[in-house]
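One chain comes next, on its own, written as structure tokens: the form predicted alone.
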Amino acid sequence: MNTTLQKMSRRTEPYILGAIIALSLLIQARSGQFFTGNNLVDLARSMTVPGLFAVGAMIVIVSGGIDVSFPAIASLSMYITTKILLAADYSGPVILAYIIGGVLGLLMGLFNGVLIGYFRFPTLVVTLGTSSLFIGIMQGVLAARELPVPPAMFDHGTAKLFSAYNTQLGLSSDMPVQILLLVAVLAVTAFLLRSTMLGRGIYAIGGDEVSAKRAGFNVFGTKMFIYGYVGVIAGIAGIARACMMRNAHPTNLQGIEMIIIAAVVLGGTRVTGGVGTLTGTMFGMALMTIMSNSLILLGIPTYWQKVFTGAIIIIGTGVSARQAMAKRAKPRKASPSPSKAPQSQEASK
């Protein structure tokens, strides 16, 4: 029983869930609008694309890196895809847009992977550089401007699973079909991390890259997969964003990376690598979304979200660093010497 309680105390998810419940009840008490159907649907809608980004960011942080290029990958993938489909006067199914966006994201992600895995450049430095590179290509080479989306993407953006109504205020909100993408990505990633050697390799590399290599994990191949997979998720997220907004805006995803990283860290993913769960990541993303969308219901200026985000990154980094130091400083239990082993066996008899 004590062991179970100790394990629970080390997990972040119960505390984040408690914070979500407490904040939700506070907002409900102050405004009376939090638990209305349309507000809950609006929160789910706001969390869809950031939730996709958070899955990718969590994998990178678990592996011991920090990726800040995913918004640029999403933006460039979305913009090129939209230009291609508009130029071809495409009117077929929207799946082609997701395929093109995913392939473009994969190529950009693999570019990150080569620089990080093969040349061993620092992840943060590489992704800062490639982020600037991708944005520069979009705004300079492609002369990016806001574009309308093709009919297939527009129709996909207006599709809904159901509508929720607030009879008190006369408002309604639609649950977008794009949330199914988040569910699918979560399911695939959960299987990958929990049930495959590749997933174990991701955690092993984040815990200790040298030890992971000695244990037989293909460090370079795993890193290539990580950044390629994150690129695919970013490309898909960019298409989903364009569909939901019904336009391809080249800059409306810039700056979102800090909120995503803060949510992942808040959910218990250790910035030093090796520790993190999808459940905690989604809880962290939910709390950040509630803070972003519902501060106005408490009468709190929205700029406090930036204060909250910065504090989370500082505190989360500090806690992770302290945990890593404590783990390294913890003395290992001495194993019994061979001469004493027979005596203990005899005593047990």
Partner chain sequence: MMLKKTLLLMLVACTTFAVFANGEGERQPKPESEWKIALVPKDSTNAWFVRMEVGVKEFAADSGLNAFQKGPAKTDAAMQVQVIQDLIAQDVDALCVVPVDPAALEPVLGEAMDKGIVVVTHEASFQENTMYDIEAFNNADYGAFIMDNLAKAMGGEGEYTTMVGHVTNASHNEWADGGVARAAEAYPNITLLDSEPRVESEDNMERAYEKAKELFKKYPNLKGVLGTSSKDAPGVSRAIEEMGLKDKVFVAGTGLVSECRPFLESGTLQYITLWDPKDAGYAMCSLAAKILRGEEVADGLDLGLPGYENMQFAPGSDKVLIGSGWIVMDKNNMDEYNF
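Values in this document were obtained by computation on a predicted structure and should not be read as measured data. Positions refer to the first chain, counted from 1.
Separately, the form predicted together with its partner chain exists; it is not shown, and the next lines address it.
The three marked residues, 15, 195 and 279, fail to reach its partner chain in the model of the complex, with no heavy atom of any inside 4.5 Å. Contact between residue 306 and its partner chain in the model of the complex is found at the 4.5 Å heavy atom cutoff. Though the partner is left out of this view, residue 89 does not reach within 4.5 Å of its partner chain in the model of the complex, counting heavy atoms only. The closest heavy atom approach of residue 244 to its partner chain in the model of the complex falls within 4.5 Å. A residue is said to contact a partner when one of its heavy atoms sits within 4.5 Å of a partner heavy atom; residue 128 fails this definition for its partner chain in the model of the complex, lying far away. Shown alone, this chain has one stretch from 113-121, 99-107, 222-230, 236-244 that lies within 4.5 Å of its partner chain in the model of the complex by heavy atoms: 236-244.
Comment: its partner chain is not present in this chain, but in the model of the complex one of 189, 82, 173, 178 has a heavy atom within 4.5 Å of it, namely 173. In the model of the complex, the residues of 287-304 lying within 4.5 Å of its partner chain by at least one heavy atom are, in order, 292, 293, 294, 295, 296, 297, 298, 299, 300, 301, 302, 303. Look at residue 31 and residue 308: in the model of the complex their Cα atoms come 3 Å or more closer than in this form. Wider separation of the C-alpha atoms of residue 282 and residue 305, by 3 angstroms or more, is seen in the model of the complex than in the present form.
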